[in-house]
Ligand code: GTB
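In structure tokens, the next block holds one chain alone, the form predicted on its own.
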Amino acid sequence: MTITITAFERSPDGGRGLARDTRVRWALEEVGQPYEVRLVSFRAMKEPAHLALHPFGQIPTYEEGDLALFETGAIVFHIANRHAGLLPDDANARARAITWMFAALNTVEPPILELGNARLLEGDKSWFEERLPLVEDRVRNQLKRLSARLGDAEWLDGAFSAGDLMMVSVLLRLKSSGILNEFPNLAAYVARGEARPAYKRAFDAQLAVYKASHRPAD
């Protein structure tokens, strides 16, 4: 059965691989599964056909036969659970890898998203300069704990897993802030993720869509 995912027709991330379809592309590349991409406009994302796949009108979605999924955590878990390469065979190691997936999405990502939204949407507010350091410190507090746990290890728990894929994807959002560089082992960890051939293929595929959508008309 052909796997089809959805992605932005005109991604707002500037081709930096931050749109969430990149996470799904990466997972599929890691396990060697071919897939097709259906591009959707911002308008189409709010129309009934797309809302039937994603009730919140976002991307990505995942379709395979009669199965339709949304939310990147659920999609990546499904891919990792169905195909070898992203979850260990050992039951305990597998459970730990899944735990790191949840930690990335539920513990590490929320303050990072809060920081991004503050800088994007609140810069013109009178209280922005006072609020920003508080938001940045919430990010740093989580990174300190993550940095201490990672130490000088290559990956979070033995071999690269879906937990690392999700954590690296989350941390990538911090590259432009400069905060990631305050934690050299985390910056190196992210760089190792970016260096993986599967990530490069996923990034290039998403970047190609961005470039095509911003190409000047003839």
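Counting begins at 1, following the sequence as shown. Given the structure is predicted, the values throughout are model-derived calculations rather than measurements.
Beyond what is shown, the protein has a form predicted together with the ligand; the following relates to that form.
Exactly one listed residue, out of 45, 150, 179, 37, brings a non-hydrogen atom to within 4.5 Å of the ligand in the predicted complex: 45.
Among heavy atoms of residue 16, some come within 4.5 Å of the ligand in the predicted complex. By the criterion of a heavy atom within 4.5 Å, residue 12 is counted among the residues contacting the ligand in the predicted complex. Although the partner is absent here, residue 114 sits far enough away that none of its heavy atoms falls within 4.5 Å of the ligand in the predicted complex. In the predicted complex, no heavy atom of residue 136 sits within 4.5 Å of the ligand. The stretch in contact with the ligand in the predicted complex, judged by heavy atoms within 4.5 Å, is 64-72, chosen from 184-192, 156-164, 28-36, 64-72. In the predicted complex, the ligand lies within 4.5 angstroms of at least one heavy atom of each of the following residues of 38-68: 42, 45, 46, 57, 58, 59, 60, in sequence order.
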